[in-house]
Each structure stands twice: as C-alpha cells, then as structure tokens.
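Have a look below at one chain only, the form predicted on its own, in structure tokens format.
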Amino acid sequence: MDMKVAKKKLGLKEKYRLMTRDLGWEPTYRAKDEVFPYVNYEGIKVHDWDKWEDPFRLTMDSYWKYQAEKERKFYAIIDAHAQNNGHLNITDARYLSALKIFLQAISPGEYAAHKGFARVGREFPGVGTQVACQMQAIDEIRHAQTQIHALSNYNKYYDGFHAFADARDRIWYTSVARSFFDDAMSAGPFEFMIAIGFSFEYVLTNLLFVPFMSGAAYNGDMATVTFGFSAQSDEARHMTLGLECIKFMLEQDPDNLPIVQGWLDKWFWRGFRVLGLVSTMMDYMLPKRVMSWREAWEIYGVENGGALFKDLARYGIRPPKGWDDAEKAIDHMSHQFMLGLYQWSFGTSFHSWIPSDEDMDWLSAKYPTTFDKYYRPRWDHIRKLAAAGTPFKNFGLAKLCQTCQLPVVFTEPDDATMSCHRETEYKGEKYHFCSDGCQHIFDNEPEKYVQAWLPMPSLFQELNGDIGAWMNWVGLRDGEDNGDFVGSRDQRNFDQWRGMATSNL
C-alpha cells in the first residue's frame, strides 16, 4: 500500500524561481536578436539578465489572490457610496473640477501605461522582467478601470464627465499628459522603464496619490479615496520595479551611465511639467486643503527625491539637470497655470473661478514670498473686471510648447515678471518652448518632437479656426461643461440636491 507523503512546502525563493526563471527557455529555431529586436538599439549593454531581481518576489498565484481581495473591498465601498448619494458628501461642487481633470488626463495615462508594459514585457529577454512587466500591465489597466468606475457615479449628476476619452485626445490641457505617455510609448523598452518607473511612478505618483488622495478624503470623497489607496500598494511595487531597472542598467556596464543620466534628465523635466496640472488641483481646486503644493513638494520631491539621488550617487548619477529650475518654479507654477485655465475656461471641460478672499489668504500664508507680490494683484484686477460685467477671457488660442504641450504661461526661473519663451529653428521651421528643459529635450531628439500633434495648430489646419466646430468635435457642451463655476449647472444642482438631502434628515 502506497504511503501518503506530505508535500514539502516551497520556500519563497524557490517558488519564485520555479514560477519565473524556470518558465523561460532559449530560442533555437530563431536567433535571439530576431526574437528580441528592440533590446539593443538604445545602446544599453546587458551581460546577465538573471541579475535582475524582484525585491517583492511576487508570483502570479499570489498576485491574483491579493488583487481579488482588493477588488472585493473596493467595489463594496463604491457601491455603498453610490447607493447612499455619496456625491452629496463632498464639501463643494468646485471640487468636481479636480476630478474631471483627473479622469480626462490621469486615468487614460494609466491605460497607456498598461499598453506600454504589455509591449516592453514582450521586448525584454529576461524572464524576471517579463513577469514583472506582465503584472504591472495588469495593475495599470485595473487602475484605469477602477478610476473610471469610481467616478462614473458623478457622471449621473454633473457635467463634464461624459466624454473623457475624447477629451484626452482632443482638448489642449489633456494633451500635456497624453504627449507624456505618447513620448514614453514611442521610446525603446529601457527608456520606457525610466519614463514610467521613475518619472510617472516616483515623481508623479508620489505627489498625486498621497497628498491629493488625502485631500479627497478631507473633502468627503470616499470613492476617489478608495481607488487611490487601493492602488497605493501597487504603486509601491511599481516604484521599486523602476528603481530596480535603473540600478540593473547601471550595474551591468559602465557605458550605460551616460545614457541613463540623459534619460533621468529628460524624464524628470517631462514629469515635472505634467505636475503643473497636479499643483493647480491641490492649491486651487480643493475647497478644503490638506497641504499646499509647496509643502507636498518638500516632502515627496525634495526629501524623497534627494534620498533617491543620494542612493544613486554611488553609481555616478547626479540630480537631474532641471532640478534647480524646478525648485525655483514651485512657488509660481500653480498660480500661473490657474490664471491660464481661468482665461481659457471656454475651452475646458470643467469650471474655473476667481479665488475667494479666504482662499487668497490661505495662498498668501502658504506662499509668503510670491503670492501677494505677483498673483493677488492679478486676481484682484480680474475680480474687478468680473464685477463690472467684463470678465477677463482670452479668446485667442494659446501658444503651446512643442515638447510638453503646455501653454507658454510660465516665467523665467530668476524673474517672475518676465515670460519664459525659447525658440529653435529646425529644417526651416520655428518651434516654441516654455522652458530651457523642454528646449533641450527637443534639441536632443528633434525628429521625434517635430511630429508632435498639437491641438491649437490642428484647430486651424483641420477646422479652419472654427471654435464652435472644435467644441462639437471634442464633445464640449458650451455653457454646461465649461466656463465659470459661479452660476453653473453643477453649482445649482449640487446646492439644490444638498439642500433637499439636508431637509429630509
């Protein structure tokens, strides 16, 4: 009679090896360069793919278990949020503008990252990287889906949520995030890992998913908080994967150092420019604020970023080239961008407004050296124009930066009274930039960035400058989705429903 033998439980390291390294094989009927054609053209030299280590040693069976548990909890909370009219628990309908920007710019970026990781997982020959990229590809599409599901409840009641996919491709301010991900996805596999693993996950995600999600909680939005914190454990793994990729390249060959440094310079600045949207959401669009953009930058930019570059210094890495200019811009960028959003509010799928006295006092306290000197006088002037019935609106189209695609609304690093504008001529055409950083990126890869699709030139080329036709094309309902918040349908509906809910208590 056969005896039952207890199966030996595999250790974590052995289980990880069996479900990653042992799933790979060496190709025989095709050369390896044919199977993985893109891994060499960026110039990165890799001598041993087995040196790639996943610090989490996560296997697919464990991954499904963890994610299923998170899904169960997530959908239980957002179902309760919808059933109990959770949309009326937010502090103020102005908060909805931040959610609209998030849905139009950030959620499609998660989906783009999903497609990118699915691609580079196929392009890397190392089995460890293939498995890690496969999991991150699934993470990113899950993040896009949970964000869309969580915010879909607001679409039942408020304007501006309905055409977020069209907005992502066609509206001028969403092209900032879109161009970031298009740039990353059209790069080689190693550069893509720097773009997403470093710039998106480490630079952007830290400053978005922690302070902004805390702000969502402070403003009563449990749906947004739930998808934010549901994704946060994934983001920690993503940041680790990105940093592991950087260290892996640097340890494989000394010739990789200048290539990696160049990518860090480029993608830090690309990520920092996208943060212009986040800074404005934090400083202006949260009725109740947890912290200012400056305070968030000190924690997640200066402290965390400084620690990262100190760690990488042993490989010869220095802080990114644009670090000093970024630090000088911190006290200005949210104000400059909000002024731009206000004057072009006819072309946005959200509402804008003039800050109240209370808001401006808060901004003055958080930005003592800049707000009262440079920005309060502008808002006071704009308020007088609105009171006189001549609101400050700019119906001219903004000049866009060829690289980051933001309007050229920022000032010189050392002079907040002088607009920053750079220009390059390439093959007989002139190209415009918002900063030295964006100009340097263009000058390094001009053939790539001359192909950029910019919304403003396209409006003239494809629609003959017809603003009405453009609004129809982007799915923008004039007077409903755009314009001033005061008197908007969002404000009226929220106040009415909130009053009805309160009277029924």
Partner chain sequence: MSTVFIALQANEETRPIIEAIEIDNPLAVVNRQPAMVKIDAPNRLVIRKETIEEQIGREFDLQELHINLITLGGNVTEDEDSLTLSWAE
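All figures in this text were calculated on a predicted structure; none of them were measured in a lab. Positions refer to the first chain, counted from 1.
The form predicted in complex with the partner chain exists for this protein as well; it is not shown, and the discussion that follows is about that form.
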Interface stretch in the predicted complex with the partner chain - options 96-104, 293-301, 323-331, 374-382, non-hydrogen atom within 4.5 Å: 293-301
Partner contact for G11 in the predicted complex: the partner chain, 4.5 angstroms, heavy atom: yes
Heavy atom of G479 within 4.5 Å of the partner chain in the predicted complex: no
Contact label in the predicted complex: A388 to the partner chain, heavy atom within 4.5 Å: no
Residue contact check: K247 to the partner chain in the predicted complex, 4.5 Å heavy atom: yes
The unique member of L397, V408, L308, L88 whose heavy atoms fall within 4.5 Å of the partner chain in the predicted complex: L308
Contact residue in the predicted complex, chosen from M360, L257, V210, A82 - any heavy atom within 4.5 Å of the partner chain: V210
Site test, A217, Q232 and R314 vs the partner chain in the predicted complex, non-hydrogen atom cutoff 4.5 Å: yes
In the predicted complex: members of 56-82 within 4.5 Å of the partner chain, any heavy atom: F56, R57, L58, S62, Y66, E69, K70, K73
